[in-house]
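What follows is one chain in C-alpha cells, specifically the form predicted on its own.
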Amino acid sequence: MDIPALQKIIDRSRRIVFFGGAGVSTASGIPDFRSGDGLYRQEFDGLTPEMILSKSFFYLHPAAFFDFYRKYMVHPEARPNAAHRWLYEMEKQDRLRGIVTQNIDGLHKLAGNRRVYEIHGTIYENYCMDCNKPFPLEKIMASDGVPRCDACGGVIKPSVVLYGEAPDKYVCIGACREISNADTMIVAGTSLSVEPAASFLDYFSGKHLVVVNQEPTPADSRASLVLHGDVSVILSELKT
C-alpha cells in the first residue's frame, strides 16, 4: 500500500476536499451498506432497505419506517474514529477546504469539523412536518411508533434525504463549489453508486484525485492514486 505516495500528495496540496461514504464510519461501529453482507444486500419481510427508506414508504407506513430507522440507521453511541480526527486536524490547518459526505451519522461535526456538506442530511436534525418546530435526535429515539410534535401533534421527520427526495440544493451548490476549487480530492469509503452524489466528482478539475476504498470504484480509472483498504487505518498513518 503506497502510503508515502499519498503523503507526498497531501504535503503538496493546499485546497483538499474530502468526499466520503459509509466506509469512513465503519471503524466507529456503524455497518456499511453496499458490501457483500451490507445492510442493502438484505431483505426485510420481502422489502429492501431502499423501499423502506423511500419517501412513499415513509408517508404510507410511518410506523414501520420508524421501526426500521431506529434499529438500523441511527447509531447515537458512535464516536469519531481516526479518519474523522485526521480530517479535523487538516481543517484546523486550513488545508482541508471541505468535507462532502453521504453519511447521515454526523460524526464529522462531532469530531469538530465545520466545513461539512451533509448531502443526505443528518440524524441530528428533525422537524415537525406541520409547524416546522425542530427536535433533537433524543425525541425520535424516546418516542414509541411515530414521533409526534408536542406543540401541534404533527409527524416529526428526520432531516435525512429519502429515496425519491432531492438533496438540499444549497448544500449541493456549496459542495460542488468546493470540489471545483480543490487542487486535491480524496474519495473514500464509497462505492460511488448513489446519484446525484456520485456525479459531484465531475466538478473536480484539480491535480490529484485519490481513491481510498476496500473495493474498486468507477473513479479508479481516472485517479492519480488508488489505495485499497480501511479508510481509518490509511488516514491514521498520514501526518498532518
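Only a predicted model underlies this, so the values are computations on that prediction, with no experimental measurement involved. When you see a residue number, it is the position in the sequence shown, counting from 1.
Only in words, not in the display: the form predicted in complex with a small molecule, which the text now covers.
J.: At 4.5 Å by heavy atoms, is each residue in V17, E118 and P196 next to the small molecule in the predicted bound form?
T.: No, none of the three is in contact.
J.: Using a 4.5 Å heavy atom cut-off, state whether A111 contacts the small molecule in the predicted bound form.
T.: Result no; A111 lies far from the small molecule in the predicted bound form.
J.: If you check in the predicted bound form, is I104 within 4.5 Å of the small molecule, heavy atoms only?
T.: Yes, I104 is a contact residue.
J.: Should N213 be counted as a contact of the small molecule in the predicted bound form, where contact means heavy atoms within 4.5 Å?
T.: Judged by the heavy-atom cut-off of 4.5 Å, N213 is in contact with the small molecule in the predicted bound form.
J.: Is D32 one of the residues lying within 4.5 Å of the small molecule in the predicted bound form, judged by heavy atom distances?
T.: Yes, D32 lies within 4.5 Å of the small molecule in the predicted bound form.
J.: If you check T26, S180, T48, S54 against the small molecule in the predicted bound form, which one has a heavy atom within 4.5 Å?
T.: Filtering the options by heavy-atom distance leaves T26.
J.: Which one of these stretches, 57-65, 167-175, 188-196, 201-209, sits within 4.5 Å of the small molecule in the predicted bound form when only heavy atoms are counted?
T.: Selected stretch: 188-196.
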